[in-house]
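Only one chain comes next, encoded as structure tokens, the form predicted on its own.
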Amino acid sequence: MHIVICAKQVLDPEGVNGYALWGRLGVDESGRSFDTGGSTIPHIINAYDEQATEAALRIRDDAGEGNEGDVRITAIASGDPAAADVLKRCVAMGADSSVLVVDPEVAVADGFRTAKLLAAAIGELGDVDLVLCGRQGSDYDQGAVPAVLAELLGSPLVTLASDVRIDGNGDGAAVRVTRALPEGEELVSAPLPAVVSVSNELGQARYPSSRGMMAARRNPPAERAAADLLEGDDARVELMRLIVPDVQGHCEVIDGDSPEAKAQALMALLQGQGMFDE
């Protein structure tokens, strides 16, 4: 079985929130990029994509000792050369290999362009059984790529996965997905090949091991040029303007000699503010 993980490099949400809280996050003259006054917000792997990687690794774990080689995992990302760090993270966690689609238009790329580039790269691999994506990006939260990717690949799409398993093997294999919905859990099955978007309800992703980090340094991603996979821009969505909301933080420390005393002080404070008024 060949599993592909689609990963994205995003600004660290905690860094963005911290700069906004400190009043150090602005928008440049173009109105389309953040301005941090010369400081740099670190880039990290999209957290949902990290959980998609974990889902792929759990499928390989389910294969059982001695059968791990039957499950091959490839991570793919589209972005600038710095996005290689995201793929190194996936390999360090346990992916076997990675592919980076170097896109000079990444700054203006939307979900449609990204999905087309990923679909073309997946098509070149030729033998993919399952594509796992994060449910959405933690930067723009659009969640368009999994659906567009499934349409382009002609595969069924299952969203909001909190658990992903494989039933059967060969031509009769199917993916069994537990979906996390507002009303509760839903169990669905889809034939392979399929596309599944993974939600945070999957749980904590494993940390890369020292051995995995060394393997990631020795195994850089294979690179493909976006121009070789897609002709023209083909963007469907244009970013017009970014707005930084006014964020204010306030913290009040409740003093007390014991947890009970602190709880009583907290209740008295809330009562004084009318919290319990009918």
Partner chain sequence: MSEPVLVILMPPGGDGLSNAAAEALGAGSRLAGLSDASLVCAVIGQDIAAATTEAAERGVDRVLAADEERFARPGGDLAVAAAAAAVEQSGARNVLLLGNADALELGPRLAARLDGASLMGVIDFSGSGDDLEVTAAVFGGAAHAAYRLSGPGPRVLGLAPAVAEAPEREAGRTADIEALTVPAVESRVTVEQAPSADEGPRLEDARVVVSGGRGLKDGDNYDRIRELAEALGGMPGASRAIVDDGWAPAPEQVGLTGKIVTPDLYIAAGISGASQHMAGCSNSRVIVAINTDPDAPIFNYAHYGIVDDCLEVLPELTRLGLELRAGR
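Residue numbers count along the first chain shown, from 1. Owing to the predicted nature of the structure, the values given are computational and were not obtained by experimental measurement.
Beyond what is shown, the protein has a form predicted in complex with its partner chain; the following relates to that form.
Q: Which listed residue (188, 99, 102, 173) meets the criterion of a heavy atom within 4.5 Å of its partner chain in the predicted complex?
A: None of the others qualify; the residue that does is 188.
Q: Is it the case in the predicted complex that 16, 144 and 250 each bring at least one heavy atom within 4.5 Å of its partner chain?
A: Yes, all three are in contact.
Q: Counting only non-hydrogen atoms and a 4.5 angstroms cut-off, does residue 74 reach its partner chain in the predicted complex?
A: No - in the predicted complex, heavy atoms of residue 74 and its partner chain never come within 4.5 Å of each other.
Q: Residue-level contact is defined here as any heavy atom of the residue lying within 4.5 Å of its partner chain in the predicted complex; does residue 245 satisfy this criterion?
A: Answer yes; at least one heavy atom of residue 245 falls within 4.5 Å of its partner chain in the predicted complex.
Q: Given that the partner is absent here, does residue 148 sit within 4.5 Å of its partner chain in the predicted complex, heavy atoms only?
A: Residue 148 belongs to the contact set for its partner chain.
Q: Can any non-hydrogen atom of residue 24 be found within 4.5 angstroms of its partner chain in the predicted complex?
A: Flag for residue 24 set to no.
Q: What stretch, of 105-113, 91-99, 122-130, 78-86, brings heavy atoms to within 4.5 Å of its partner chain in the predicted complex?
A: It is the stretch 105-113.
Q: Residue by residue through 165-187, which ones have a non-hydrogen atom no more than 4.5 angstroms from its partner chain in the predicted complex?
A: If the 4.5 Å heavy-atom criterion is applied to its partner chain in the predicted complex, 165-187 yields 176, 179, 181, 182, 183, 184, 185, 186, 187.
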